[in-house]
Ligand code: C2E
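Quick setup: one chain, the form predicted alone, written in structure tokens, and binding and motion questions come after.
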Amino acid sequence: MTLPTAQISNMNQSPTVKLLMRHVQPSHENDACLSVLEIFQENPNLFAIPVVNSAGTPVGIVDRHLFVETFIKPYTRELYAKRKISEFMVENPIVVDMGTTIDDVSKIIIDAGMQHMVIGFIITQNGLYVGLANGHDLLNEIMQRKQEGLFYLAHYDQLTNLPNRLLFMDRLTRALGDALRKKSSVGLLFIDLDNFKNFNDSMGHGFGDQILIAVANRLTGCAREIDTVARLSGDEFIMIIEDIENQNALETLCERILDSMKSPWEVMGRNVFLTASIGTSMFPKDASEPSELILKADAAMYEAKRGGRNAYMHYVEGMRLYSMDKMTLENDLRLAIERNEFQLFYQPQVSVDNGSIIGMEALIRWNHPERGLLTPIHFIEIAEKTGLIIAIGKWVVKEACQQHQRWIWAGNNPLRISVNISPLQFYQTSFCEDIRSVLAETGMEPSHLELELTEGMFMHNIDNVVKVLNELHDLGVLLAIDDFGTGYSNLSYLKRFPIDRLKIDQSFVRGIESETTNMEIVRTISNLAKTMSLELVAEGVETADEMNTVGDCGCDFMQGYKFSKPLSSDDFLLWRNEYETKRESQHIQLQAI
């Protein structure tokens, strides 16, 4: 799965010279030269012999090459035979303690002169000789560690220590080849964190990095030893599950991962709540090539997000595949406004008390000429990185207000319409004036427009944020915080801002009737919000149990598939008429009873 801890440690911390040590019987400083020469002749691979005194302390080293070369000259034996070896040894050799690291001894040798790399160095323990190290072995170890370090840098994510995209692709290709030979299956999980950008925006990238490290650890804990957990980029992770029995086994793993993420995450002294969306695909059932298998797991992940997040979905035939070519998508995005390819869809919001429709959220869609109808998941990140989100955001506000007025001119009662505002758009110096101009141009009543902001917008340049919010509030525009609970998650700072509503993120709503932790979170937010006269909207309500529970927890309004999916303007009007007719009929029946 990940690089073994010991291997990572060896790359980050240099081993000691004990790794290189060879025990070579030392000579005594009073030994005769010929006895040392005989040792060299009997041991042709011996590169040097250490010399010690009577106490066992190193005093020198005899270099094989220099010593033997001296004694092959004519008459040398006769002249030097009875001389002590201390006369021929290299004095002041490099002597290091056994606990010295290889990195440190390398620096010592470089400083002392590279000739010591040839003759080697002596290793001691408590000042006494214990062994000898070869300069050649030292060089090999340095080069090997350098190669391991380069391999690690090229194949592992530096933040999480997980395999990166390059190593992941190599392992996936190998896993598919093995599975083909064994006629077995391989599962792929594409995992994307929900609303991770909110943490980076509100708490900073250092905080976000710590979350990614914690997520990597939890994912690794959910996998088997034979599986691979990798980080592709940003908050995207992927898992290779080899020798998988069937799709049920994949579903069990997905449930284990989602369950593991339910517990609060303690990051830098704060408790945060995090969910993920998972898409899965299988070899050879869904695809036979690595790139196609990834693409289909990615498509399934997007479907899980579009369905409400904090969920998993397996690829099924017919799911729309989205190309990973972001450059092409960026070029198309630049032309989308002038080609009139954007469209707004509307999702209703209803009252908890009586089920009446109180408003709607305007949600952008992109009618891409080749890729079909794209949701914001597929292009908003690119729009934000390129700055195109500013122009897109202006279009959304204007189109929402115009549509609202068209409904009123057609004889429909006005409803509150909510529009998402990006941080880049909000921080434009002309933002308030842009909103004022749209209201004046369309004739829309300001109280019918609600701007949805993210928590991250309130964490920087507080004084300027307060000024902008007060100006919008003075216009009569309503203000809401979207996806509340996924970022800074602290109501105390709201006292400074003229906020009207909080929208609780749908990750806290999904299955809330059986999730005690989520229930307590929503109830706590509700109680605190009421003390500040803030309305509360529960997002992502899909079932009757969820609807009843969020009501019991104190939410004022609801939004989700329980009532309707996002609809085009024409379909929304049809739905609204049918819904209100049905409510009126039920009311009449109750009165009759």
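These numbers come from a predicted model, not from an experiment. Residue indices: 1-based, along the sequence shown.
Below: the form predicted in complex with the ligand, not depicted.
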*asked:* Quick check for you: of 371-379, 274-282, 222-230, 437-445, which stretch puts a non-hydrogen atom within 4.5 Å of the ligand in the predicted complex?
replied: 371-379
*asked:* Under a 4.5 angstroms heavy atom criterion, identify the one residue in 349, 506, 518, 160 near the ligand in the predicted complex.
replied: 506
*422, 124, 210, 101: which sits within 4.5 Å of the ligand in the predicted complex by any heavy atom?*
422
*Indicate whether the ligand has at least one heavy atom within 4.5 Å of a heavy atom of residue 539 in the predicted complex.*
yes
*Looking in the predicted complex, any heavy atom of residue 306 within 4.5 Å of the ligand?*
yes
_Residue-level question: is residue 510 within 4.5 Å of the ligand in the predicted complex, judged on heavy atoms?_
yes
*asked:* Even though the partner isn't displayed, in the predicted complex is residue 560 close enough to the ligand, meaning a heavy atom within 4.5 Å?
replied: yes
*What residues of 361-382, in sequence order, lie within 4.5 Å of the ligand in the predicted complex by heavy atom?*
361, 362, 363, 364, 365, 375, 376, 380
